[in-house]
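Here we start with a single chain on its own, the form predicted on its own, put down as structure tokens.
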Amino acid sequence: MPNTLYLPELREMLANDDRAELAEFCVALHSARTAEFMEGLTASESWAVLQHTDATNREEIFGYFEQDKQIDMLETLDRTEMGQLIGDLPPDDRVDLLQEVDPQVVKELLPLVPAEERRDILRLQAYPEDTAGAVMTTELARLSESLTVREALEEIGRQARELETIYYIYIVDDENHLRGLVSARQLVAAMGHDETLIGELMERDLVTANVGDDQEDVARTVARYDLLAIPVIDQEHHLVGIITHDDVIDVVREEAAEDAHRFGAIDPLDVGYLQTSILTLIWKRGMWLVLLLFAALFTAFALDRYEGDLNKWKWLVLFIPLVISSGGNSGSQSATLVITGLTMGHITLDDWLRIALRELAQGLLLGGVLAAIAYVAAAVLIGDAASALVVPVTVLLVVVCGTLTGSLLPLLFRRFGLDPAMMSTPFVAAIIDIVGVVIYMQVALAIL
């Protein structure tokens, strides 16, 4: 819900053209808070407010607007002014935003963006989606290894105003090959040694990302080494950009949202839930529901095959939900554990045998506990202790099958280059439903 506390005052300031008050409003609070208080304003009203501050603050406040509002401003306001605004935005942010804007509007805006920024946009747009190149920023602190500490400090002073971060300062040779880095702290600490070359101070053993690396892998690398930023290089080891910690947070949130959708058997949404049309939601949900329906039909076919046996021992029908839910639930648990482990980098494909053995052990122990409970229930309900053995034996076998299936299928998906989250809990449960019915009836035929 928009914060309406200042809306009447803001609109009154605009109506009275109170420039001093509007200028004060734009700088009095953190940019995020300023944007929050402007949520209820229209696109044109918001832009009118932003005219009373400098370009740097204007870009910062604009960056905290909801994406829908940003898109509305770019698509409806003066093209020349919006082209200049795009040029002022951080390189990675403007590329992400333009991907959501009407393509015809983008064609009209790009020629109005300053030439250097326009070339940068086109270069970043060329990288495949979800790669390091697509999320990196090209604004970074870069120094030649031949500079002295004094020269480096002077150069950083010139660069600092237009950079997103200068904590890490990357050292390159004359052909822009990445050679090393120095932190701002190291550089300041060396101020008493003005003639020392940067090449003598820099760290050479760097953690880097390639432009083609998957963004999720890069995010894990940044988290593992606790980096504020990671340099991005091309195949020739040229420094082409950096990915900062705030970009990593965005990647983690995006990947977490995608995984959450897939866990629920929903094709990931491209925009927010309320911004997605009903027809698109129906398609993204329905396509998977149809697949799950066909999986359920196989369960029905399996039951039909054993119709005669079920008529002979009618009490078997009572325990079908118990059997298939035990296997499906255990399989879903295993799938969740393995998918999470893969996502967090706690396990790899090479660990498949250890995972299988652990899940086998857990399946036997968990299955044993559930089987004991199921046996008591079955013996009481049917009044035949010998016949009741069908239920616990089946539960044990189905739980073991569930844990192994739920743990190994995500690994198989990862092996073939697919997202393991696609093997979500509903799909594991659907597979175990079919297998569980077959195991149940085969056990019943063997014992009875």
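Since the model is a prediction, treat every value here as computed from it, not as a measurement. The numbering used is simple: start at 1 and walk along the sequence shown.
The same protein also exists as the form predicted together with a further copy of the same chain; that form is not shown, yet it is the one meant from here on.
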- Considering L97, L337, V172, V240, which brings a non-hydrogen atom within 4.5 Å of a further copy of the same chain in the predicted bound form? L337
- Residue (of D304, E129, E236, E200) lying close to a further copy of the same chain in the predicted bound form, criterion heavy atoms within 4.5 Å: D304
- Item | is_contact(R415, a further copy of the same chain) in the predicted bound form, heavy atom dist at most 4.5 Å | no
- Close approach of G286 to a further copy of the same chain in the predicted bound form, 4.5 Å, heavy atom: yes
- Message: Although the partner isn't part of this model, could you tell me whether A115 comes within 4.5 Å of a further copy of the same chain in the predicted bound form, counting any heavy atom of the residue?
- Response: no
- Check whether D102 has any heavy atom within 4.5 Å of a heavy atom of a further copy of the same chain in the predicted bound form, and answer yes or no. no
- Message: Please pick out the stretch from 293-301, 70-78, 106-114, 140-148 that is in contact with a further copy of the same chain in the predicted bound form, where contact means heavy atoms within 4.5 Å.
- Response: 293-301
- Item | Within 4.5 Å of a further copy of the same chain in the predicted bound form: residues from 29-51 (heavy atom criterion) | L29, H30, A32, R33, E36
